[in-house]
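Starting off, we have a lone chain in the form predicted alone, written out as structure tokens.
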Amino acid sequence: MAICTMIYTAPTLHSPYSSFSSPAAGKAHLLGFHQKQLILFTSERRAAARRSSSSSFEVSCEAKTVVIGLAADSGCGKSTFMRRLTSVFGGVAEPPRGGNPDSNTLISDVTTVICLDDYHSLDRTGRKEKGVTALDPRANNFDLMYEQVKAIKDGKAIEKPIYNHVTGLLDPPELIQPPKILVIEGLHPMYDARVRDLLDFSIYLDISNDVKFAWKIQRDMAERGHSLESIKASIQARKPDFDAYIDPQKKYADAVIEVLPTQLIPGDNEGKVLRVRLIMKEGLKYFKPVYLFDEGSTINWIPCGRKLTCSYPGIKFFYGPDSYFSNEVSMLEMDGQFDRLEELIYVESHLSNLSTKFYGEVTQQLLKHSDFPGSNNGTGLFQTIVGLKIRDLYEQLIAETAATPAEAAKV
């Protein structure tokens, strides 16, 4: 995760080592390198150099961009998740200043969020003419996506295309500088193996068909005046491509947030009370799954009572080990919703491996954004937890980078 410079300094002009200049400064910058010299030793000369009392090493490292992938269908909460994630790192995520007002990119102090719709190879008219949806890989430029994500990860600026959601056209590109953390969100962040291999962490938002249908009815009928028949037709038109190209990506995800109908209300079909699962892959180097009470045990917990206000239908938690696409995982589930968000701290106190900086940070984050959709249920809770875990992953990678010079100097 780091690009390192090692410079050996000898006491005289007759130093017992060979020095080779690095590539030209401009080329080095384009490649993401920052070293001034490359030092090659023979075994005899290396020993002589070590005996020199005034010789020294100068080692410095610069971290590469950490890349996070977030996959989900449209209308599944990606934008809300992005706002929660950028809030964890501080600062406000805004479009590039002075750029295209219809840009999909969001930039904050630490993060840059790129919408993968920008890699559509066909505009709205082109897709209609060819009879494909935006979910179809044929409507997307995966070669360019890979090349540009890799360039940013390697410390290079890119000229990224813009897909204009207002006009349906492909606008002129915009300049994107490499940030500390790049989030690529959209339909296909894990579809192409080359792009998938660039990800340091990946998340999939998995909204069940029943909940997705209920949400779309609430939004499109109430806010956009669509008929029930047109909503059903829209969902059915997208479903084959979703099942073929989007949904299979969840098997690659390091964490999945799964949103399901509640089991607390028999026959519920409104989608207002939700059962939400956080599925966390085991065995990752920089990610330790969250657990409830006792790691590895199977726990069913109904916390309602004196310390947590619960109106009908109440709240129920589940935690336990499981298998997900042949991967060992830990699963944390919440069914129901909070009446008083400040009381969440009672639940937070029973969860471990949260990667918080202080007691109550999860509760504080949810109270800070209580107006965000899902703040009173498992979607907001688990999105916030994953955001904190990503912050911890980033800090572990930075710490590892900082330790590299000391290790290199021992060579």
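For clarity, every value in this text was computed on a predicted model and none was experimentally measured. Numbering starts at 1 and follows the sequence shown. In this text, the rigid core denotes the largest set of C-alpha atoms whose superposition between the two forms falls within 1.5 Å.
Keep in mind that the form predicted together with another copy of the chain is not shown, yet the notes after this line are about it.
If you check another copy of the chain in the predicted complex, you find a heavy atom from every one of W301, E328 and H350 within 4.5 Å. S297 is the sole member of Q263, S234, S74, S297 with a non-hydrogen atom within 4.5 Å of another copy of the chain in the predicted complex. Distance criterion of 4.5 Å from any heavy atom to another copy of the chain in the predicted complex singles out E282 from the list D102, E282, D247, D143.
Partner contacts here mean any heavy atom within 4.5 Å of another copy of the chain in the predicted complex, and among 319 to 327, 160 to 168, 195 to 203, 236 to 244 they occur only in 319 to 327. Put simply, Y346 is close to another copy of the chain in the predicted complex: some heavy atom of it is within 4.5 Å. Using a 4.5 angstroms limit between non-hydrogen atoms, R340 is distant from another copy of the chain in the predicted complex. In the predicted complex, at least one heavy atom of R306 sits within 4.5 Å of a heavy atom of another copy of the chain. Annotation for E361: C-alpha shift under 2 angstroms between the shown form and the other one, rigid core superposed. Shown in the overlay between the shown form and the other one, fitted on the rigid core, is a CA shift at E348 smaller than 2 Å.
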